[in-house]
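Structure 1 and structure 2, given next as structure tokens, are two forms of the same protein chain, each shown alone.
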Structure 1
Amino acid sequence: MPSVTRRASRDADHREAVARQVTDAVERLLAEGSTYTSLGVQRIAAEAGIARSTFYLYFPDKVALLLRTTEIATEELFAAAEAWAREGFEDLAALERTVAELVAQQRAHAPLLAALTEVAGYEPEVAAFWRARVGRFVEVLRRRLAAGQKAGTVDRALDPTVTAAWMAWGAERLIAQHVAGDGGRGDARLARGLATAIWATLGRT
């Protein structure tokens, strides 16, 4: 007989696979032009190839679904940003590559992230989720800035808390606005300009 541990692992894998089916379906529907508020559970379930009752086994409501979809969709975005914050403060070229990756990730998930912003305007739980997610990156930056100041590689006049928040939230908003209004031709310029601005803020030349 299969062990309890192995069975539990298979169940967890199955649950994750179904959850990703649903979240992928949401991104497809949003990319096709649907608004998140207009998407009904039945339509999402049909797009994901599951029963409506199955949907509710995984997501109690559409707010929970939006949070999970965003969490999955932004894994690579935050991984790239946090890797740079931990390892890439010494290289402007690495910073520019990181910003370019953030722009690409934002563009890839633009309809979903626009929906997140919309729903956050009237759903406190969604707004709190995104503040907390970006806030974790702000804390990574804050610690890295403080360490750089101690090492003499970051301008000591900077306030690490304020600077980290500016870098994270400023980049998040600027990239979102850029993606919403630019078809992609200006991505390289944005990456270069934002990287240079951050580099100068750190006191580099």
Structure 2
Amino acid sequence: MPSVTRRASRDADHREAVARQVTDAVERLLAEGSTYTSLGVQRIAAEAGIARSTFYLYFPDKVALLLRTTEIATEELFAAAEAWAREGFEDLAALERTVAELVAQQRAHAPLLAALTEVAGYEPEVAAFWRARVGRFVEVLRRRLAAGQKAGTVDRALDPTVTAAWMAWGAERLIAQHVAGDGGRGDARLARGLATAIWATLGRT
């Protein structure tokens, strides 16, 4: 391996490591209870152990940083959501299991996901990202509902588009509110209750 290549890869590793320091710093600060909005670049840079000016060598602004920081949390959350759409229609037990996993993911990444919805409230770029990401899941769920109707396992009276969006946004908000105010004891009851309600909606009593 030529030395220039070796250097290039080492530099890339270094950039990666520093960027990681910054995203970790954000995660810590959010976990401590700060609002993403209230975090200045100065505060984030200090927590990450870099100069404020250096921050701008890594991220164009706080929005880009947020999207980068929440990447993994978003992926894992929607992996759990899609597992619900895939495996949660078998029986009530399977639904409860997948919903419990959804709750677990949302709890694990609560501060990051809260920051995402927080900033989505006033930053068009973040809003577009979040709407699109949730929308993609809603579409998966819609298809699953429509397929279930065809197969006779889902109430044919339901409007799949509206129902899918209602279920998804309701679950997201419900769980977000729950994890913000409950230490974890109520998770099982929440998962059970939500699974029961979803199951009832499908019309498969």
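Numbers follow structure 1, counted from its first residue as 1. C-alpha atoms forming the largest set that superposes within 1.5 Å between two forms make up the rigid core. For clarity, every value in this text was computed on a predicted model and none was experimentally measured.
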| request: Have a look at both and say which one is the form predicted in complex with another copy of the chain. | output: 2
| field | CA of Gln149, rigid core aligned, shift of 2 Å or more between structures 1 and 2 | value | no
| query | After superposition on the rigid core, does the Cα atom of Asp182 shift by at least 2 Å between structures 1 and 2? | reply | no
| message | Taking the rigid core as the reference frame, tell me whether Glu27 has a CA displacement of 2 angstroms or more between structures 1 and 2. | response | yes
| Distance moved by the Tyr36 C-alpha between structures 1 and 2 (core-aligned, Å) | 2.6
| Where the rigid core has been superposed, how far does the Cα of Ser53 end up moving between structures 1 and 2, given in Å? | 8.4
